[in-house]
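As structure tokens, one chain now follows by itself in the form predicted on its own.
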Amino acid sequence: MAASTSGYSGVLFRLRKYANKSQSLCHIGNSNFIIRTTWTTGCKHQHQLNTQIESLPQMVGVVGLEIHAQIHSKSKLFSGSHVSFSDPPNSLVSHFDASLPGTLPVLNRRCVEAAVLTGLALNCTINKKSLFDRKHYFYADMPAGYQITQQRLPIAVNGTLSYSHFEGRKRNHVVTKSVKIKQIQLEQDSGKSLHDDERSQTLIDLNRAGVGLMELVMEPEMCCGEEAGAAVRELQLILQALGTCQANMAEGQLRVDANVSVHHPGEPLGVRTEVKNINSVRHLAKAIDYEIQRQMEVLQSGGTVLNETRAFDSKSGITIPMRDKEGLQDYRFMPEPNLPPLFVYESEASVPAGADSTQLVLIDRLSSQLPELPSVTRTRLVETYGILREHSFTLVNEDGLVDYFESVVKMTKTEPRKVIGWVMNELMGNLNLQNLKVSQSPVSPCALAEMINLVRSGHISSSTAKKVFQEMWKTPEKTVEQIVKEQDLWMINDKEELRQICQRIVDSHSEEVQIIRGGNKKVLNKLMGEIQKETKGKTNPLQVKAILEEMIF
């Protein structure tokens, strides 16, 4: 059906809280709904656990993840409503999104293709037939009272995600591991509840309601926050490379639930807790490590770990109880009656006679569209350019940095391992200092290559080049040669001029000269420093050293 957003623009549905804050009354139209809410605050007597306590050495943490990735699509999963992050509340809501009677879902093919493409990249088996189900539960921001998901037969199963993290004192030893992906399923997102504590009310924004999600369920095979964080970061990069999800956690495009338990190796897994809706990789790692330590402390003191849902408080660094999960919630799953089975086909040859293959999802067609994935890119960078493996991670982690680096390498004859130094230290140093993206760099790859070429040809020194780079950053409209010429930074290559400079330094440092002649050649570095200071770094250290040695000895 055609999307209609009239009648909802700029309106926030209001939920007026009862005075005891245990229930809320929702007024939408002429209907009233009682909403049970759970309010949790950090106990003022609860302090962060002592992370230095001595844990039982034989106990280990076990971590599994459930990740909701918002599909990068122009419209929602089952309606034509536009998808946008910052539009006015309830301005992107169709009749179906608001669950008006008589409205029907129409599946968005782009969302299906995104799920299949993601499954292929993660080595999943793509189910040729998958089913949609209704998962019933009531939240104020889900007006239908159920979510359309894929509980019985998801679109992709049995995948693998390989990820790497750093170990060792210098954090330069790369350890690569993998985690199994149980399934990838398509489902709707809910709306958003905005709590106004001052007015004791909750406002509902349905702009996000019905947005397409891929839920990726990972098996409990990780042991700590660092591993889980590395896995999520690698997944982010894969999704961004595929274009199936922008994966901006700050905007809720990637939301992570962590299932955490501890046990003794060889024994059954312990009781797990679920830490919900973690919105950054850093917070994920902290929440998991805290929760593992908390559970170990509970068991050490003779207590019992509760099966519960918890939230992570990023300010205090602790997890907080939200609700009990001991009682199994009955979601009353049932087949979605308004959606037929979803079929995807291996190739055009497998398409039923009379069907239009251009309107169908073909696995081989999507497989041919797979881009170079992050792990492949890192391996190629190391093998092609001889850079350190840890540098390949930095290049891939920063959006646009691989292209920047390779562009500079193509425009200069300098060794790539020297180019990487300029990219890592000067470029990234300045970008991080000003919180800029690579695409916002005032120094273009061409300008950086031009400067590096001047260093290689001996026209400017490395120390001078660092000053030139900072000037390029401040005045990007000027060329490298303009800056060097205006500030008189050209290297002094005239041998007679160099000899005169060296002679002045030797004559004015007779005491140091005697020490050098006495056998302490380290003092020669002081004289070289004086020359560099006088010439503002415009001399070649090797040339200067040769001249000084000739004069002194």
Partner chain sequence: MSASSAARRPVEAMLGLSIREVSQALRDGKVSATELCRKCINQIQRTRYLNAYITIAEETAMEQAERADKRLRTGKTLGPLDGIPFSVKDNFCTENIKTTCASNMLKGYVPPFSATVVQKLLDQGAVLVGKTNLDEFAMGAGSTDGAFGPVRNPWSYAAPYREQSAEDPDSDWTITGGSSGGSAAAVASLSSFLALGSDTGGSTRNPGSLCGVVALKPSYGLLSRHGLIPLVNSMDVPGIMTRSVHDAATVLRILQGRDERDSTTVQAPNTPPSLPEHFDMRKICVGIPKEYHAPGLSEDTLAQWSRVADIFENAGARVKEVSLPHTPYSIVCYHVLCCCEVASNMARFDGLEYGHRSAVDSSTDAMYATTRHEGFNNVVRRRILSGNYFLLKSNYERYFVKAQQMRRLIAEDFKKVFSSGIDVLLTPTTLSDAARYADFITEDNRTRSAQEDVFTQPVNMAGLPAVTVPTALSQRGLPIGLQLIGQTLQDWKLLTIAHWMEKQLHFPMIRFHRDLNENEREQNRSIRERTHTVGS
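Numbering follows the first chain given and starts at 1. Here the structure is a predicted model, which is why all the values come from computation and not from measurement.
Another form exists, predicted together with its partner chain; not displayed. Remarks below refer to it.
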Quick check on this chain: which one of I363, M424, L339, V281 has a heavy atom within 4.5 Å of its partner chain in the model of the complex?
L339
Which residue among P105, P220, P89, G317 has a heavy atom within 4.5 angstroms of its partner chain in the model of the complex?
P105
May I ask you to state whether F138 is within 4.5 Å of its partner chain in the model of the complex, using heavy atom distances?
yes
State yes or no: in the model of the complex, is some non-hydrogen atom of H95 no more than 4.5 angstroms from a non-hydrogen atom of its partner chain?
yes
Its partner chain contact in the model of the complex: K437, any heavy atom under 4.5 Å
no
Partner proximity in the model of the complex: L269 to its partner chain, non-hydrogen atom cutoff 4.5 Å
no
Among 478-486, 105-113, 441-449, 458-466, which stretch sits within 4.5 Å of its partner chain in the model of the complex, heavy atoms only?
105-113
May I ask you to list the residues of 138-177 that have any heavy atom within 4.5 angstroms of its partner chain in the model of the complex, in sequence order?
F138, Y139, A140, P143, A144, G145, Y146
